[in-house]
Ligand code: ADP
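Below you will find one chain, with nothing else, as structure tokens; this is the form predicted alone, and questions on how it binds or moves follow later.
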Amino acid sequence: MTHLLELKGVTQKYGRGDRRFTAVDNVSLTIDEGEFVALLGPSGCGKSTLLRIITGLNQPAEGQVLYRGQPLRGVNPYATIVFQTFALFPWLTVQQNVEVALKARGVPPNLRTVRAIDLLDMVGLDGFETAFPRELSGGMRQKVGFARAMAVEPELLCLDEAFSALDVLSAESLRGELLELWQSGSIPTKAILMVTHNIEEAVFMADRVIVMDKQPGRVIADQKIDLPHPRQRKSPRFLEVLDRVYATLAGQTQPEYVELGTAPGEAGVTRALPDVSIGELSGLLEFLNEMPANRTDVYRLEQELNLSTDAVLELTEAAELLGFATIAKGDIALTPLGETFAEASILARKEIFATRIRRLPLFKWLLAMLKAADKGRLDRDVIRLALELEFSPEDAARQVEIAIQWGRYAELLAYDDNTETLYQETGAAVAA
């Protein structure tokens, strides 16, 4: 059987020389006609990178992309992308924005007009043909993006976080309308590939969920969503599937030597510091401390704490990394240490936190660097450049920022904003 799309061992790397990092590692997957597939994972796992490779906007460093059994060379003429940002031309009307895609395909003006009007009617924008993007709501602007994408009748419709920039109600409405068009056969699209970090969105819309993890970006699961449409978010079966996908993405707590990873420059994987504030982490631990048996389902945290999927995963990762919580089978539970932290005074929390981050290889490395530095000070950029051997430039810069915030809270590090230098707090000893 020939698949509509097939990826074989696709790897993507960026940078040069020693500063090359792997964004996507050895990804293989298939998509067949009639499938609505969600590519799900946390920010930074390479989902959008894969989408650009699939559509031919980028070429992989290694591996092969096949479309209908043939190697893809250049831009894929049978695929199109709807991006997170609306990407409309502000000086063109709604109708003209849709006609742009048809003009690029060489469609005659009279046919362009008819096709554009039909598409706008299909997505519920009849009557807004002469409006400019600034006159439309976010949801309506994204509908124009969908109409423009479908104008060229793509076999493969790709959605790159297409609903994430919308307010909750607009996103929900647009999801329902897209599913209606897809399931009714009103659009000629053969398959849909949706990139998202929203687990509930993936389970609500897709037939299959391909789960990715980061450092580096890789596929860790391919799960069929065997639920009939329309799906009811509060049904026991839906929540069961949601819990299962969360369990896959959140994983389960590993032995400490695996959880902590290695220090920069050492063999192995340097574990990134999760992008969370101390206040957010404290709030999570206090919440868990009030739960029966100090535990709850990870998927419930989104609603209970009003957080995004990414925020939940970063928070649970931080709690796990610091030994404040454990994760197993989609549940998160406080450890005795986490319970102690949740109930401790402000000063006691600082002491506990300082003790825990001293154990992290990245912090050990940073404190050792400061101890060896001239006058015990290091420029922020020196640390960032060193971390670029392990992370992308953007991630390295963010790791420095997180280390500064965590280190300041724990009173292990100080930072001079005027000179942009880090130094060790007086009296803070370097862990062996």
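Everything numeric in this text was worked out from a predicted model, so none of it was measured. Heads up: residue numbers just count along the shown sequence, starting at 1.
There is also a form predicted in complex with the ligand; it is not shown, and the following applies to it.
In the model of the complex, Gln405 touching the ligand (heavy atom, 4.5 Å): Contact with the ligand, no.
Contact of Ser392 with the ligand in the model of the complex (heavy atom, 4.5 Å): Flag for Ser392 set to no.
In the model of the complex, Ser43 touching the ligand (heavy atom, 4.5 Å): So Ser43 counts as contacting the ligand.
Exercise: Arg52 in contact with the ligand in the model of the complex, heavy atom 4.5 Å: Answer yes; at least one heavy atom of Arg52 falls within 4.5 Å of the ligand in the model of the complex.
Heavy atom distance at most 4.5 Å to the ligand in the model of the complex, all of Tyr14, Phe21 and Ser48: Spot residues vs the ligand: full contact, yes.
In the model of the complex, segment of 379-387, 64-72, 359-367, 35-43 with a heavy atom within 4.5 Å of the ligand: Partner-contacting stretch among the options: 35-43.
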